[in-house]
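Quick heads-up: it's one chain on its own, the form predicted alone, in structure tokens.
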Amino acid sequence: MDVRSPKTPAGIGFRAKFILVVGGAVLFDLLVSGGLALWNVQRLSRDATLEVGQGLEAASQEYIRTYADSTAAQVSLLLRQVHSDVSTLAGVLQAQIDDPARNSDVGAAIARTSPPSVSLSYDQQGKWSQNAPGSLSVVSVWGYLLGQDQKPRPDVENDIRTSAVLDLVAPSLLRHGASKLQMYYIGSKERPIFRTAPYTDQAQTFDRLYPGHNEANFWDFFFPGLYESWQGWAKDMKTRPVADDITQTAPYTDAITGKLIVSFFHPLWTVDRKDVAGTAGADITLDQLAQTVENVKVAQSGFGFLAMSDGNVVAINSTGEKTLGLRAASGASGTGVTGLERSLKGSSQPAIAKLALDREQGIQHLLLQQDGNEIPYIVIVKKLPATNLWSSGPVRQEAMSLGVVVPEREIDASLYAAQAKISDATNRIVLYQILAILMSLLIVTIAVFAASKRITSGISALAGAAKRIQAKDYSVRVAIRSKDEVGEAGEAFNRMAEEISYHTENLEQLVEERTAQIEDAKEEISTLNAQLQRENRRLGTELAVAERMQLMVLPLDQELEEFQALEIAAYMRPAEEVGGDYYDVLKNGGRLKIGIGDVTGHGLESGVLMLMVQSVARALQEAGNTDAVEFLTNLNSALFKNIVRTKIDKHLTLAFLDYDGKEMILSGQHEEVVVVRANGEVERIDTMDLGIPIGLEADISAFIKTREIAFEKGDFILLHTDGVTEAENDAGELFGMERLCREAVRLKDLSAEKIVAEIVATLMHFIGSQKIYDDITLLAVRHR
């Protein structure tokens, strides 16, 4: 038969498994921790970018709003300063008008001190009069204000002199306050002389730019409808569009300087305030407004613009004009002031053309075309305080708007820079993290290989040594120097190998020794078994003899039936083969002696002592010993000597009933004696004071007492050993004296034999399957 030992299938070695498990666990941990770190870095980068972006965007937008607010405030301040200067000039002129005498005096004084201010020359070509250069102001008198002698009419001459007060005020106002191009006085519609400071070739320029102006009323030619609006205010100041006397013109080209200007008029009133007496005025160039607006510089190419409510842009730099796609156009109708048309509504940029100026909308995002690309811009529009505006016709309310336009990419430049720096920092962190992970993997790999080699070397040595043990090479030993569990396993293996080697080499000798020892033990056991069997047989024989002897000495039935006056019945059952209970009925002539006793314990020795009692008692009875006390004393003396000689460590309770046909005498110590009268009464007689246990003392005569028991016909006496009253049922309950007495009373009318049989039946039924631990003896003596 081919018997093959099972072989372990070839597989991965322990070291490879160790490396795979440990290395895999470490690799997994590194990848998880590294991945979490990278994810956290990426998330931190995204959060930082978002937070920075939101912060920069909010800051940029707030900066633009603040910039627009401050720029609007600067523009408003400039306009208010011009208003203030014009109002100052108007105040001076109005004061002169309101005080004609002083006005005349001032005019006369100036005429004396500054003749160039009031001395005019007629120009044949232009047909107007104008003072010569050298005065602080130029005053022009149009042809229709001259008389036939080409001199100003007298009322006009008066205006020329009184208006010379401009030379006292205007130069100072021009040098101080807001920057102004010129300040002037224009007479009433009836005498619209035109005095302007500083001096310019005023009428010559008008001739060149506005042909025909000398033939038309100045107001109607240059500012149609303006004068009539003021006349309406004179009648009801509430008709002013804005509660202010200052009227501002729309931007137009100045005929003298050729610059785009805005004029600010403050009408002068007649003394009675019911009509217009001319106006004080000042011009500022759009350059001055534009300077404030055009100085707006947000980011690199952000710009500002100032637009009328109709969208006409009055101030913007060239870059902004190009960016917003504005197209400028100046009127050259030859009459009136030449306006500027540069409306947002005409922009080439659709988003600008739709830009609403009627309300502030906060930050607006627009896409403007640049070089074929849509470039995102941020636009914010601020409305300036409303003013009275004249462009043509009646004066109306006007609120200019200041706009700030900034390319979003320039606003976002700092955001992009911050995002780029965050991205660069994130990339560096990620790179360093990857390098750290790779470095950790390298170190862990080297460490795992080194640890696996150190750990598995001992295990490999143990495995190799185990194979050599399997191949019956018991001389193998392992040398593991590590001080860990593997080292302890190596030491244990070496001890085991030594023991295996020792026991293997001495196995046969040990087997022979053990076999011999087993054979000797078996022979000894056989001998002991034989001895035990013989002893058992002997003891069995002895017990059988003792049992037989014990049964033989019990009174026979005919002996119990010999007494005519008494009916006697008895029952005894030993707990073992030989019991320790005693009862006997001894007759000597007409006297009867009934004894009952209980030897301590049971078995052979108890049975022998019981036989001794029976023998001695019968001998004493036969010897004619009728004294109950003497009888027990002699019986104890005989037994005490036998007990001492036989070294039986036992004694017994013993009591006797002596009956002579008349009296019943009780003596000796035993269980209670139960007397059941014919009428059912029960008398329980305690025998504790009638003696002591037999065999304890050599002489017990001093302890023996007797008691006479009344014993009439129908009465019966019940004697028992403690095997009756102390019998237990399955529940551990004792049969007891009370139950015995109840049974005796219940059976009082039966014969002694029936009484004993019924009580024994009741007792056995009570015991049931419970073991009988003590000998049971029961006697019934009925008086016939």
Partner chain sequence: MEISDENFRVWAEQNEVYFDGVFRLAGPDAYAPIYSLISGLLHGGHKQVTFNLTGLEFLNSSGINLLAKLTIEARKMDDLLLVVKGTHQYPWQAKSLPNLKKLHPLLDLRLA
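Positions refer to the first chain, counted from 1. From a predicted model like this one, the values you see are computed outputs, not experimental measurements.
What comes next is about the form predicted together with its partner chain, which does not appear here.
Checklist entry - Which one, Asp69, Asp47, Asp749, Glu726, lies within 4.5 Å of its partner chain in the model of the complex by heavy atoms? => result Comparing distances to its partner chain in the model of the complex, the residue within 4.5 Å is Glu726.
Checklist entry - Out of Phe703, Trp233, Phe563, Phe221, which one falls within 4.5 Å of its partner chain in the model of the complex, going by heavy atoms? => result Exactly one listed residue reaches within 4.5 Å, namely Phe703.
Next on the checklist: I'd like to check something about Asp649: if you look in the model of the complex, is any of its heavy atoms closer than or equal to 4.5 Å to a heavy atom of its partner chain?
Outcome noted: Looking in the model of the complex, residue contacts with its partner chain include Asp649, since a heavy atom lies within 4.5 Å.
Item to check | Residue contact check: Gln397 to its partner chain in the model of the complex, 4.5 Å heavy atom | outcome: Close contact is absent here: in the model of the complex, Gln397 is far from its partner chain, nothing within 4.5 Å, heavy atoms only.
Checklist entry - Is Pro116 a contact residue for its partner chain in the model of the complex, using a 4.5 Å heavy atom cut-off? => result No, Pro116 sits far enough from its partner chain in the model of the complex that none of its heavy atoms falls within 4.5 Å.
Checklist entry - Any of the heavy atoms of Ser347 lying within 4.5 Å of its partner chain in the model of the complex? => result Taking the distances in the model of the complex, the answer for Ser347 is no, it never comes within 4.5 Å of its partner chain.
Checklist entry - Residues in which of 407-415, 83-91, 667-675, 126-134 have heavy atoms within 4.5 Å of its partner chain in the model of the complex? => result Result for this chain: 667-675.
Checklist entry - Since the partner is left out here, which residues of 691-728 would have a heavy atom within 4.5 Å of its partner chain in the model of the complex? => result The stretch touches the partner through Gly691, Ile692, Pro693, Leu696, Glu697, Phe703, Glu726, Glu728.
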